[in-house]
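One chain comes next, on its own, written as structure tokens: the form predicted alone.
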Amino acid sequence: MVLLEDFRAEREELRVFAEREIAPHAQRIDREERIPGEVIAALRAAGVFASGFPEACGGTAGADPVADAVRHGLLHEALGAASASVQGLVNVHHMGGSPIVRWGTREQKDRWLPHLTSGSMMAAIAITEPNVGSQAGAVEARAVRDGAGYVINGTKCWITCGQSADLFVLVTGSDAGPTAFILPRETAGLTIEPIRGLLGCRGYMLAKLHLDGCRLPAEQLLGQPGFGVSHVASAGLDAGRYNLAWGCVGLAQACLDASVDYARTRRQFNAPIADFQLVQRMITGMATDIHAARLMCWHAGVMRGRRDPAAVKEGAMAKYSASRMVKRVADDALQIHGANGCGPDYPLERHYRDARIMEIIEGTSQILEGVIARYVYQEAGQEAGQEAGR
């Protein structure tokens, strides 16, 4: 049985790496709204981009899929604590690569996955549009069959790492329904427009993608026509929700650690505020919420590693709970810091802004409430059917 405690040494190793290579750049990433090359080089050198991908594809996942899934989650926890923006970069890279692993042809896997796992190329996933967010099946970008290939027109927006990605898993409409493609950055007719000034996670390097007569050969089709959302995009979203749940735990832990340090050193009324019962109450609530969310993430990882059909629901529940949790924790952490937390001398104002983004990306809380409720109804129906059959 895989226990979270079994990974104590690896978790500490990941924490040290993130604090050494990423955390010192976090404020600069937020200020400049980009992730510097030296951070990406450090991630590449550490093999971070291979995490979560099968060993046969150049990834680090080996003989124990449960341990691999938990270890991958702990990586995202460490990244989330150091910089939510960097966690987002690694997350969307995995979101873009996961559908290729799951639905790509042998030729597509051989062509793209070695570059993705080595980090020599970066991936992203392009679903959202100006008029289409959560309703992925209603995308307006259109792929029209033209001879042996397709011509694509439309606009994608809010694409994480759209400014830096080398290829995109693109979801469009078609005569057959939602259809997915592998879209290289150098495709003629693709124009990338940076989006700046985001509330939080400013290093996401968001972009709009303008597709004006982009011509793709049939070999760039990913999965079957009509399966672009139900199969291809869902593989990316499932991976993204699991990763982000762990990232939220890391961000919340950073808020808690900062609050504990501050409460021990900040004195009011001739005593450190750590002695005040109201502060202790907030610290207790924060620590308990983080612990609960971490255990949900661990359980989701075990289910993913086992390839249990319920793993999708577990990942959605972990993301739903962790994203709501980190917003509460960041709010209490800011309250403990008071006015100091609102200024540039402490990381709390950045953590607070980053935390607010988490309930919106990879499925809003409201969308996930519908998703999770459907699973609950389905399970209740199955149990009722089993009872009736006895």
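Values in this document were obtained by computation on a predicted structure and should not be read as measured data. Note that residue numbering begins at 1 and tracks the sequence as displayed.
The following text describes the form predicted together with a small molecule, which does not appear among the structures shown.
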My question is simply whether I361 lines the interface with the small molecule in the model of the complex - judged by any non-hydrogen atom within 4.5 Å.
yes
Can you check whether G189 is within 4.5 Å of the small molecule in the model of the complex, heavy atom basis?
no
Should W246 be counted as a contact of the small molecule in the model of the complex, where contact means heavy atoms within 4.5 Å?
no
Hey, in the model of the complex, is L89 touching the small molecule, heavy atoms inside 4.5 Å?
no
Considering A180, I125, A252, A143, which brings a non-hydrogen atom within 4.5 Å of the small molecule in the model of the complex?
I125
Pick from A311, V260, M121, L206: which has a non-hydrogen atom within 4.5 Å of the small molecule in the model of the complex?
L206
Using heavy atoms only and a 4.5 Å cut-off, decide whether all three of G133, I159 and Q366 touch the small molecule in the model of the complex.
yes
Thinking of the small molecule in the model of the complex, which stretch from 311-319, 78-86, 151-159, 215-223 has heavy atoms inside 4.5 Å of it?
151-159
